[in-house]
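Presented below, as structure tokens, is a lone chain in the form predicted on its own.
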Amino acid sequence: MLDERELATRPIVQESVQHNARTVSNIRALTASLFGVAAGTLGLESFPGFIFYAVGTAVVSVLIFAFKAESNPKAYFWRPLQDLWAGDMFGGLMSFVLTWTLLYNLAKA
């Protein structure tokens, strides 16, 4: 938990925290759909498709950590583990499955 001295030297601005969370959510939603397009086009089925999504989401998390959070997620997120690494992983799963099945069926037709 943050103590009083840390809050005095590094105040938390709620608008900035919300903006950062929205940015990560938008990136994850877009990449989940793109991963679905890739998995459907590649013809992945069942477990390999979900592994593809999990690996892709991990890569996106690393890229957000390296480039957007500048390797210091504590400066940009209230709860770095939840907001950066695990946030919206399951929300993006629905977009992934939707585009995955759509493109898979279109590729087979």
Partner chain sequence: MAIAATTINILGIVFLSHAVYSAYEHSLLPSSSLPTPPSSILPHIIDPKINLPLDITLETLFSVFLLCVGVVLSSPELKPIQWNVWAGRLERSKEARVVKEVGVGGGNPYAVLEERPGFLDIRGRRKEFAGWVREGER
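Here the structure is a predicted model, which means the values were calculated and not measured. Residue numbers count along the first chain shown, from 1.
There is also a form predicted together with its partner chain; it is not shown, and the following applies to it.
- request: Indicate whether A75 is a 4.5 Å heavy atom neighbour of its partner chain in the predicted complex.
  value: Yes, A75 lies within 4.5 Å of its partner chain in the predicted complex.
- prompt: So in the predicted complex, does A86 come within 4.5 Å of its partner chain, heavy atom to heavy atom?
  reply: No, A86 stays farther than 4.5 Å from its partner chain in the predicted complex.
- request: Although its partner chain is absent from this view, report whether V55 comes within 4.5 Å of it in the predicted complex, heavy atoms only.
  value: Answer no; every heavy atom of V55 is more than 4.5 Å from its partner chain in the predicted complex.
Contact label in the predicted complex: L81 to its partner chain, heavy atom within 4.5 Å: No - in the predicted complex, heavy atoms of L81 and its partner chain never come within 4.5 Å of each other.
query: Within 45-69, which residues come within 4.5 Å of its partner chain in the predicted complex, counting heavy atoms only?
result: If the 4.5 Å heavy-atom criterion is applied to its partner chain in the predicted complex, 45-69 yields F47, P48, I51, F52, V59, V60, L63, I64, F67, K68, A69.
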